Each structure stands twice: as C-alpha cells, then as structure tokens.
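Okay, here we've got a single chain as structure tokens, the form predicted on its own, with questions on binding and movement later.
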Amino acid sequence: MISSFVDVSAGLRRCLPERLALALATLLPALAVAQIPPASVLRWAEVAPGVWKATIGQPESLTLLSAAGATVPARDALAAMPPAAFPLAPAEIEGRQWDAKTTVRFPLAADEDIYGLGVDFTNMRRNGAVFELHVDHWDSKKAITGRTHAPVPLYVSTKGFAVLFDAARYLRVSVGHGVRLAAKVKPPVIDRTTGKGWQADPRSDSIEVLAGATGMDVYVFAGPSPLDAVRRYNLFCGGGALPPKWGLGFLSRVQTKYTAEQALADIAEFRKNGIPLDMLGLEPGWMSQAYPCSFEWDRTRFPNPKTFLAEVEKQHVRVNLWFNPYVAPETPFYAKLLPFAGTHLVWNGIVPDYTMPAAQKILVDHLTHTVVDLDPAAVGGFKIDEVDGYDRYLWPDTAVFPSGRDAEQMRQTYGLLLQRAVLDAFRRGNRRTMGQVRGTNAGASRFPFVIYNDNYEFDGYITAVSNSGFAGVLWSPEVRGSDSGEDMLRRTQAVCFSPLALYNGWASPQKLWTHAEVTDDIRAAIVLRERLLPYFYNTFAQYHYQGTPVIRPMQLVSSLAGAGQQAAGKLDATANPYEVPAAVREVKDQYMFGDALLVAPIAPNVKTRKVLLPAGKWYDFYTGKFAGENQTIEVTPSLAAMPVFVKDGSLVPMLAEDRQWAPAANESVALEIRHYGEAPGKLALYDDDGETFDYEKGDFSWTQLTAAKNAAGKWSGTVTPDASGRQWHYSEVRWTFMPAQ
C-alpha cells in the first residue's frame, strides 16, 4: 500500500506543475491514514442485573452462547446480588469492524491483573501475553498459548469485573501487548545500544481482541469483586450444573475390550476390596465399531445389553458409555444423518452438522432408544471424546457444513452442541446425568460434563483445575495405571478433591488395588470422598443457584470484598477487593473446593510443599488442629493424607457412616456436621432427590445449620428445617466439634 502511494507521488511530480504535484504528494499519505477502519465507542445496554452488552458490526447467528443454549439467564439470582454500576469508563472501550474482521479494545491499568481466557495448564496470570483461543487438545510439547480444551473467551480483572467475547471464532487476544500510537501514556523510548531498561515487549495499556467475523457481541459482568463477576457470568449462562448425587461419587473406567462378564467382575472386585464405586465407564469396545462409531452395542462382548444393565443396577452402579461423534457407514442412522454431513470425514466417518435441530434429534432419538431407555436407572451418562483436536485428525479449516457454517465455527462449538444434545436425551426421562467431554467453550456452566485430557502431568492437571474456576467449566485430573504405588495414591487423593473422582483404566490392566502397599490409603481417600458427598453436593447447589464456582482459585479467594485499608504486599487482600497481592498472583497448585476446604495436592515423590493460607485462621481437616493464619506454611504430610485445610468457623456436612455408593433418591441416612475452629458456624444445607429435575419445580430445601458456644463455653449445634418442608434425606444429625475429643 505504501509503495503504491510512492509510485503515484513520483508520477505526479513528472506530469503536473511542481507546486501542485508537491501539494498532492503531501496529501496522499493523509488519505492513506484515512483508510484505517474507524474506531467507535460502544453503546452498552444492561441486559440483566449487573450485566451489560454491546454489539460491534453484524454478529453471526451462531455464537458460543447460542450454541450452548445459554439464552435464559437466572434473573432472580442475578437480581439478588448486590447492585453494581457499569465498572469501566465507556469512552475507553472501542471497537472496529471491516471486511470480515472485528476488533475490540478494553483499557488495562498499570495495577490491573488479568485471569481467565480458558483452561490453561501452565499459568494463572495473563498479563503480557498473546493468546490464540482455539478449541484443541492441550499438548505440553507444543503449548500454543490459548489452544486448549476450553478456550473460554472470558477474562476476569482484579478491578472487579469480567468480560466475555461471544464469537464462535478463533480469537486472538493480546493482554498488555502491542503499544498503540494513540495511547495517552506510552512506555519510554530507550536506546538499546546505550540505555538501560530496554524491553523487546514494552507494556501496553490495552486488552485487544481480534475475531475473523463480521461482528461480535461483548458482555461486561460487574462485581464488585472478581468472584462476584464470575458468579454473574455463570448465572447469566443459566446457573451452574447440578449433577446427580451419585455423579459426585467414584467412577472407574474399564479396559477398551472388556466384555459384560468382565465389567461385572470389576464391580465385584470393588465391592470385595471395600472401595466405593458409583459409576462404571465402558470404553470404545461396548460398540460394534469405533473410530468411526456405530453407536450400537457389540453383541459379542455384550450379547444382552438390557440384562447387563439390570445386573449393574443391582450393584447400585451407573454405566457411563464412551463415544466420539463421527458416524460410521454401518450405523443404522447413517443414511438419516448423511444429508447433514460436512464436506470432510474424520476417521472415515461423517461429521454431522449439529447446529441443525433435525440432526440433533436423530442423534438424541438413537441414544435414547439404543442406550438410555434400556434401563434409565442404570445408564448414567456418556463420555464425549475427540471434539477438541488435534488439527491433524479433525476436519480441516477448509471444511463447510450444510447449515452454511464453516470449519472454524464448528470447531469452536462442537463440544457445546453435543453436551446440549446428550443433556436433552436425559431430560426426556427426567433423570440427571454426569458425563465427560474433551472440548467445550463459553456458555457451558449449566452442563454436567467434566473436561479431561490424555496428558498425564500432575502439576499441569492441578493448574487446570484452578483455572477452570475462572471459566465456568469443570475440570478433573485422572488416575491411571502406574509403576509406583505412591504415584497412584497421590493422584487418587487429588481426584477425590476435584469435581469428578475417577480411575481411567482404558489402557492399563492395573487396578486401584494393584499396589498392595497403598491399597488401604487409596480406599481411605475414596471412602472420604463418598462421605463428603453432602458438602460437595452443597457446593454444586451454590454453583447452580448462586453462580459461585465449585473450584475457586486463590486469586478469587484473596479478592473477596471488604473494607478499610491494607498494607501493600500483605497476603490479606480482603480489605481491598481490587487487589491481588503479589504472593497470590501466580499460585497455581492449590485452590478452594467450596466455601470451607482449601485443597493443596501434593505430587508423587514430593515430601514437602508450601501452602499459602489466606486471611483468617485455618485448621487441619483431619485433626482439627490450628495450621496458621495469613501466612505461607510448609507441610510434610504422611502418605495417608493429602494436605487439606478448613476455614475458621466452617461447618462441613458429611455422611455419618462409611458407604460403598451414594444414597438412593428415597433413602434417608445419618448426617455428621463437623465444626472447625473458634468462630461460630453457619451453613445453609441444600437437599433434593438427587436424581431428577424436580428441583426446577421447587422440590428442594435449604436447611439452616448453626454452631455456637453457650454461656458455659460449650459448643452445640442447631438445625432449623426449611419452612417448605420439602426434600430432607437425613434421618439424624450428629455434631462433631473439631478437634474431636
């Protein structure tokens, strides 16, 4: 472009009078500048309490939120949050649209930290980086920043707000990278040869996003704290997922080619070893063909699926079945789906266009008839595989689909579309589900699916768990076969304090009882998981009704609203809701699970680790002994216990007795309430039938629990039933005041 103006200028000098030629030549560069697409200040409209929307250009009809069906905000819950004003200066936000490109710029203050932008495995803080938000399989060897299983384009600011870019496109996001000519304050110009402090990447004052689209909707979620902003996002998407109670128990996946007899024998081995089991995962071998899939039972390995499922149900276990969505020619509904197929195959199977309701209906009808309806009490869910990446085996970016969508749009939304379809299949029978998925995106808060990954790096797993709290998704590590008993034990302890506890044995002959020297400790970890079901279920109820994430990274916990002044750099940031202390900025190996429990997983072969304890007193979960306050401690746990700490005054509801599976919908069990610390305790404990969607009709309860000392200094607990009198499945309440005497 510049060279063409130079050529024109030279021609003018030759054929026009000198003065006129010089004047026009001087004007041409100014005309070139005028070709820069104009920036516009966005117009914001409050679309829900504390949520604002602006539109740049002409957004495409398929967005992330529309693909997820996240179109009905939980307005009552949003209205119950503290009122909040628009958290930014509108004049500092601008957008541009030209050709098929849309950009948005938000201001980035010098004292502002940014989190979110997808489930990352390496880092928490996002400042100073460029991200390509692209649904893909995370690969530590290539580690392209932003290419991950859940590249949710939501960023969370320590200034107390969050921003969502709702475009079903690969998004390029620059956080404090790329200094603008129009910036009011620019970094100093430094001579690299003679000066000091020269930077190859000087800090900019902006967060900028580029989408290859004709337009885009942008949402701003107010605080006042960053945690409140995340809550508003989850509620705007309809509220968090509320899985069935048994979905918070334990899942074990069997080897690929297991038969019905082997699967039932596996359940029997769990029972024999006294290790709880709630779900059994069947891998590709349950189908007559996989890669691509037939979606039909293999009659050699499972000659009578209905009888098999009935036997599983008798053992109080649900079946979870694997599939990837690429349809083999031998599949009974292949001909029906063929008109909805994209232009390219995956593993020689068609890729149906599930943005089209008719295609979704064909899939849901088949899954319902072939699997779910055989025994609704035994079929618990599905594992949706291979909807993430890699580029080398999914459809190429040249693919197009019958709806007119292109490959990029489908790549960003395919996991969302399939989660939505599977959830609809279970809704038909008024039964909840708990599943797994390998690719998802924005709007997925309400989906009871947990993301997983084929990498097996412990530290990356734990960082991903923390980052999931910023993204409105669920992520869990896995346990697989191992040559080391300690490795298997430490991984088991970690999964038992994550959204989904599972052993994945699809490719290993090993079992949780393979390493006899740690079997007792593995059993204890899973039994504890089962006993903590009331606490975990209550945490998911908070996610659903209040939008509070199940997993709360330390950067959210340290930013809870407060009042007064706080010394800079001190760990206690509760007095300043807009500051994350330097000590907390990149903490990525610990997190809060719910209100009370601080989880600090310890890697295999690591003897000691540091744990950062936020403001307030903290107590050891197992002993109730005081651990510290507003400080970093170093712990050397035994193999039998992973470090877990409890906040002062917390009430932790647990099943009073050890169990091998979750209580049934009509079963009443004894409840233990543990109180920790010196402060009085208060908790609203949620309950419903744990299996159906009847809670959406009001069939649930919130029971008030309190613990306090009387005048004589003795602790006692009080239970105040819900005035509605609905759904309370606890036959008695036993109180334990830690440390137990």
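Computed from a predicted structure; not experimentally measured. Note that residue numbering follows the sequence shown and begins at 1.
Absent from the display: the form predicted together with a small molecule. The rest refers to it.
**Q** Okay, which stretch from 266-274, 469-477, 654-662, 381-389 lines the small molecule in the predicted bound form, with non-hydrogen atoms inside 4.5 Å?
**A** In short, 381-389.
**Q** Please tell me whether the candidate spot formed by 291, 438 and 452 is one where all three residues come within 4.5 Å of the small molecule in the predicted bound form (heavy atoms).
**A** Result yes, every residue of the spot touches the small molecule.
**Q** With the partner left out of view, is residue 497 within 4.5 angstroms of the small molecule in the predicted bound form by any non-hydrogen atom?
**A** No, residue 497 is distant from the partner.
**Q** So in the predicted bound form, does any heavy atom of residue 521 sit within 4.5 Å of the small molecule?
**A** No - in the predicted bound form, heavy atoms of residue 521 and the small molecule never come within 4.5 Å of each other.
**Q** Does the 4.5 Å heavy atom contact test between residue 160 and the small molecule in the predicted bound form come out positive?
**A** Residue-level check for residue 160: no, no contact with the small molecule.
**Q** Taking 4.5 angstroms as the cut-off for heavy atoms, does residue 284 touch the small molecule in the predicted bound form?
**A** Close contact exists here: in the predicted bound form, residue 284 approaches the small molecule to within 4.5 Å, heavy atoms only.
**Q** Report the residue, out of 340, 540, 258, 506, that has at least one non-hydrogen atom within 4.5 angstroms of the small molecule in the predicted bound form.
**A** Checked against the cut-off, the match is 506.
**Q** Answer with one of 618, 219, 322, 131: the residue that has a non-hydrogen atom within 4.5 Å of the small molecule in the predicted bound form.
**A** Contact residue from the list: 322.
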